[in-house]
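What follows is one chain in structure tokens, specifically the form predicted on its own.
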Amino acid sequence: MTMPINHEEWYQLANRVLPGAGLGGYSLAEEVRFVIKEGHGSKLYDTGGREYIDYVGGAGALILGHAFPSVVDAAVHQSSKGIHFFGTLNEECVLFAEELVEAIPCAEKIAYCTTGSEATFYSMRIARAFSGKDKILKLEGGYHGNHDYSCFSVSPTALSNYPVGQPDTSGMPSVLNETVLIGPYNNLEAIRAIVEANREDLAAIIVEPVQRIIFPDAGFLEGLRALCDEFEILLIFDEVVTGFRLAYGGAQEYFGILPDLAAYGKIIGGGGPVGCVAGKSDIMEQCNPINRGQDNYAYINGTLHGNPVGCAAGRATLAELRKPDFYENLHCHSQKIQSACQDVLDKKGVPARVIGNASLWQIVFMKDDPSDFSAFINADMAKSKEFDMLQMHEGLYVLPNVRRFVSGAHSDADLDQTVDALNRACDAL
């Protein structure tokens, strides 16, 4: 095989071997597409040598930035002792599980998986096994991964006819409409009505504590917790994004709400192939392999579960996150970036808002901060996408119409370059 030597040759090769020359749901438009060669700190470099300030951050997983030295050292050291084992415990996965149980407020035990999608899928399975009920309530606009139970009303073109959801992809069995219910985020009254109507069959409510970029209204998460307690159903937090990002204890610490189960993905493995479901012991016992074959057994298995390299990288990542003032500095710097970007938009007369909080943010053409998915239906997302593309032209790596993340590697120099790039993008707009 001959190595491609320039940008166009890389894409010619990608077009031959990958559908749409893309990964998963993402295929960048021709005018901004590039192939990543490497990442260091807050920066990415493409095969043509161009530098980008990275605000994608591995979908938020790289909270320390790219190639953080201690994380790389831990992964390399473990790789020299074995990259992969299966079927039997390894040292790293046991030690890491202990750290995760200590760090996650709701965790008395954890079960490993590989991705955030697996974690939400397994959390639903565990909830159904524990309760003996079939239905799960998810909230409109919430993303819980790529499996069939999550791909309802993530990005519907019109508001859902609650509690009936809209499939986001073809190839999903129509029967799932009967087991996946949809409700509106930040609307306790509507959710209560759905719960009351389905109380005999409802196993759990699954929610992103911060839904995409929308933060909960005061009392919303507390209301969900009270509602679940009242009707004896489980509350599942999807902490794939908020876990170890909003705080060391994730959204549970940040908002002071304890779910019954919580799902985690790539951030716990320092970006490596590690995820987990965490929860109370009696609930997590549903996936105890000793119980295999019993009625309430929830099967969990994967050849990469407890991967020693990912667990070693995760332990190194958590050690950095435990250092004094890490989160205070991260949130403070992120707020500086968000404020500076809003200042640029205001001075240039661009009718867009910087929305978000902590280290999650996004630039969207809307008048007010969103409180639910309906706000995005009414926003000018086409203009938002166009503006994101212009920012990519100016050296900011952002996925069009997708939230952004600040990492511990972003510097004041990055802030200055971001402001300059955004000014140029405004002029181009």
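All figures in this text were calculated on a predicted structure; none of them were measured in a lab. Counting begins at 1, following the sequence as shown.
The same protein also has a form predicted in complex with a small molecule, omitted here; what follows describes it.
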property	result
Contact test in the predicted complex: E285 vs the small molecule, heavy atoms, 4.5 Å	no
Partner contact for V240 in the predicted complex: the small molecule, 4.5 angstroms, heavy atom	yes
Contact of K138 with the small molecule in the predicted complex (heavy atom, 4.5 Å)	no
Interface membership of R315, the small molecule in the predicted complex, 4.5 Å heavy atom rule	no
Candidate stretches 276-284, 97-105, 240-248, 323-331, one within 4.5 Å of the small molecule in the predicted complex by heavy atom	240-248
Residue among E208, E253, E92, D260 with a heavy atom within 4.5 Å of the small molecule in the predicted complex	E208
Residue (of R212, R353, K133, K109) lying close to the small molecule in the predicted complex, criterion heavy atoms within 4.5 Å	R212
